[in-house]
Every structure is written in structure tokens, then in C-alpha cells.
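Only one chain is given next, in C-alpha cells, and it is the form predicted on its own.
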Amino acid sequence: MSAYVLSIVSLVGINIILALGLHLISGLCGQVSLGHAAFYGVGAYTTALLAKAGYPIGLTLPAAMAAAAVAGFVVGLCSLRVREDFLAIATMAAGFIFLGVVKQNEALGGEIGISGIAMPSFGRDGFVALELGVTVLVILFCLHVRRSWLGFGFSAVADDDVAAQMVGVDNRAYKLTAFCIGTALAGLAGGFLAYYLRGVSPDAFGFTASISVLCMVVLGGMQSIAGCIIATTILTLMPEVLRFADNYKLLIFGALLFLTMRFLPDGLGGLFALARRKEAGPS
């Protein structure tokens, strides 16, 4: 497999982990987040600092997840009293705060970022194999969560948090748990990205990155893990496929999202649900 193909496959895996983290927060638990890239960045910068200090990938990635989860807990705790549009603005503010801290902190490289991160000792091929293996584990984990008591609690909060509270569901605990798990996955994706790029810079974690990952989840269907994976793969590969139309990539991207929202309001996951209903036949 060529280095170019390995690079694209690696990026797809990173984006799938990132998108599934947001899927748990916004799709499954119903908490709108417009600052997911901030936790992506926390994981990336944590990994970059530790890798530069000589720590192995077996320690840098768990540390990236832990740092992002702590950041997610703090943001989630501060956002418990706000909902819907106000929650979106609160999480967006967290993204701006992260960028402000990073850009003004010389220890984090300021505007330039951190470069010169060494690839793990097992090389690029081993790194891609590790990343894809972890991506599969993350997918299986999300499927398990969706079918578990935790997933049912998330769904209850998303459907009607007031009604869920009345029947004994602890909304605060479930919302914070969703934020912690989702942001930990974002941190994991950020850790892989730091090794993938061999460096980090603030530009990779701006508001545009948060909107991009939200588009992946929305295009795939807020309630569909399979749709999220397929949409993430499509949107990651799209810039490569559309290299011949470089000047029109944003136009095509926007048109695709517009048409999806117009004709597939439930995203690609809605197509899967429709296909299953047709196979089942009339009840």
C-alpha cells in the first residue's frame, strides 16, 4: 500500500473517532456542541508535549484522552443549566477560549504550534495499523454503549430530559458522562492527529473544524453510527476526489449538505432505517 493511500486511510480513521465522539454527545444524548474541535486540540497538544518529552505512544494517547475528558467535564459542568441554542453558544465559547490560550502561550508554540513530533518506534505502517485497530474498537464501543443501559439513559435525556428526570433518570450524571466520553474520544483522535501530522498548530482546531465534524454527524444521521461512519469517510475523501475542481470544492460541499437536509433530513442513517422497514414489509 502506497504512502499516499496509508495517509488517507489514517485520516479517515482519525475523523471517524472524532465524529463518533460528537455522535455520543449530540446524536445520542442530544447535547448540541459547537466546540468539539477544542477537545480535539486538547488531546493533540497533550500528545505533542508528551511525545516531545520522550514519552511513548502507550502513555501519550491515554493522557490525551484523560486531559480531553477533564476539559469536557469542566465544560459540561458549566453548561448543565443551559440548553439547545444557549448550550451551542457555551460550547462554541469553549472552542474560542482554547484557541486564545494556545495562541497566547509560548510554551505551546503560540501561533506556530509544536513541530518535530517523532513517529512511534514501530514506524508509519505500524502506526496506521494501530490507529485502524483502535478505530474498530471505538466503533464497537459506541455500538455497545448505544445498546446498553447507558445508551438508553442518553436517549431518554435526548428525547425529553424533563420527563426522564420525572421517572428517575439523573440528567446531570448522564449529560456529564456523555461529555466526558465524547470528549475523551476527541482527545484520542487529536493524539493520533499529532503523530499523523508530526506536529500541531492552532489552525487545525478552529471553529471550522468543529463545524466540519458536526456536518459529518448530521450528514450521517444524528441517530446512526453506520451513517456517521459512512458520511465521515465521504467527507474526508471528498477533498481528494475533487482535486480536479479545487476552486469549486466548497460549492460542491455546501450543495451536498443542502440537498441532504432537503431530501434526507435524517441523514444517511434515514436511508438505512427506510431499507429495514421495506425488508420487514407491512406490519
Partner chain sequence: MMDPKQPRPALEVRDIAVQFGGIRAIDHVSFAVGKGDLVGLIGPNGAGKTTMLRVVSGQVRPQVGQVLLDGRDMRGFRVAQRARTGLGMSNQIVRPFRHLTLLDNVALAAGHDRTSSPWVAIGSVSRKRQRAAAMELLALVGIASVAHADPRSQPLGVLKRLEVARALAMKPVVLLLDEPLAGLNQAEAGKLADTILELNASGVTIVLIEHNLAEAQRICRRFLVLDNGRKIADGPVAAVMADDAVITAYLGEGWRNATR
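Please read these numbers as outputs of a predicted model, since none were measured by experiment. Positions refer to the first chain, counted from 1.
The protein also exists as the form predicted in complex with its partner chain; that form is not presented, and the subsequent description refers to it.
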Which one, Ala118, Ala107, Leu137, Val167, lies within 4.5 Å of its partner chain in the predicted complex by heavy atoms? Val167
The chain here is shown without its partner chain. Which stretch in 196-204, 129-137, 182-190, 148-156 comes within 4.5 angstroms of it in the predicted complex, by heavy atom distance? 148-156
Touches its partner chain in the predicted complex: Arg124 (any heavy atom, 4.5 Å): no
Contact test in the predicted complex: Phe73 vs its partner chain, heavy atoms, 4.5 Å: no
Residues of 171-198 having any heavy atom within 4.5 Å of its partner chain in the predicted complex, listed in sequence order: Asn171, Arg172, Ala173, Tyr174, Thr177
